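Coming up is one lone chain in structure tokens, specifically the form predicted on its own.
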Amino acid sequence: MIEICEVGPRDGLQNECKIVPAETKVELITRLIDSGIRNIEAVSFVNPKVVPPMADAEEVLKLLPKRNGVRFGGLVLSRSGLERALKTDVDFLHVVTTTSDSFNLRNVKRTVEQAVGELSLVIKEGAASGKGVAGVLGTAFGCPFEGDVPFENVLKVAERFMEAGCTEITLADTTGMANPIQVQKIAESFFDAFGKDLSLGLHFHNTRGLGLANVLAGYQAGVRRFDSSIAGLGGCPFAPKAVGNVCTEDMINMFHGMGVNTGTDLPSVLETAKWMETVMERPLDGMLMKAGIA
């Protein structure tokens, strides 16, 4: 069985011009829960002036339904984000850094080493407060500014994050540069370095049309946790040319066709994807919506 981390309410909506009201976000999340999804990145504790679509994190969390076995995550990029998150009942902190100095310096004015030093303290405090903490490593498969990112750099950041208290690591392909052979090699290398019990997740964007191929490569390498976004929504305001994430219903359809259990009801997920098109008032990128269920 695989675990889906649905990132549509956060990564999916953060790059949209249209501001989706908190009540509509809550309806989206409720629909996803009713479809069987149990791990949802619901909010982002970032500067609301920089990312206005994510300004209502606290309100969204207050309105969310409380269901047994459902986990809500919130993105944290800084100490100020941690302080906001700790005042809420968010279950998991998704602490993010990139692994490329060029990307980090352009976006947060810090080297990777400086960012990891600061965020390690954030992770320690978050874990000490009783929150779960997952480390998300951006540009793990390449940087739009400097190209290849040495694998040793990614491994080092993961090790520092786990030493600080992260119980999960997600490798993120920030601008969709990964290819299946690369994904397989990196996933296998992570398991070799940290053991098969490592809770490793993968986060892909479909910029070059390889999102599902990369998911499959990760699955074949032993990964069982994947980020995806309903209807293929998504993008990164800080990453040039980053388009939507791997589409949730398309990924579920692939796994169901392979006989792999996802714990979800595909027709229900598909209906939510179609509903999101009406919410966003434009066609979205999901392919299954166009093809239908065979």
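Being a predicted model, the structure only gives us computed values, none of them experimental. Heads up: residue numbers just count along the shown sequence, starting at 1.
Not pictured, yet referred to below: the form predicted in complex with a further copy of the same chain.
a further copy of the same chain in the predicted complex comes within 4.5 Å of no heavy atom belonging to M1. In the predicted complex, a further copy of the same chain lies farther than 4.5 Å from every heavy atom of L198. Although the partner is absent here, G130 sits far enough away that none of its heavy atoms falls within 4.5 Å of a further copy of the same chain in the predicted complex. Heavy atoms of R208 reach within 4.5 Å of a further copy of the same chain in the predicted complex, making it an interface residue.
The three marked residues, M177, L212 and M254, each reach a further copy of the same chain in the predicted complex, with a heavy atom inside 4.5 Å.
Think of it this way: in the predicted complex, a further copy of the same chain has a heavy atom of just one of L155, L216, M162, L105 within 4.5 Å, and the residue is L216.
The single contact residue among Q220, S78, T167, Q114, judged by any heavy atom lying within 4.5 Å of a further copy of the same chain in the predicted complex, is Q220.
Residues within 4.5 angstroms of a further copy of the same chain in the predicted complex, judged by any non-hydrogen atom, belong to 254-262 and to none of the other stretches in 50-58, 24-32, 63-71, 254-262. Looking at 120-156, no residue comes within 4.5 Å of a further copy of the same chain in the predicted complex, counting any heavy atom.
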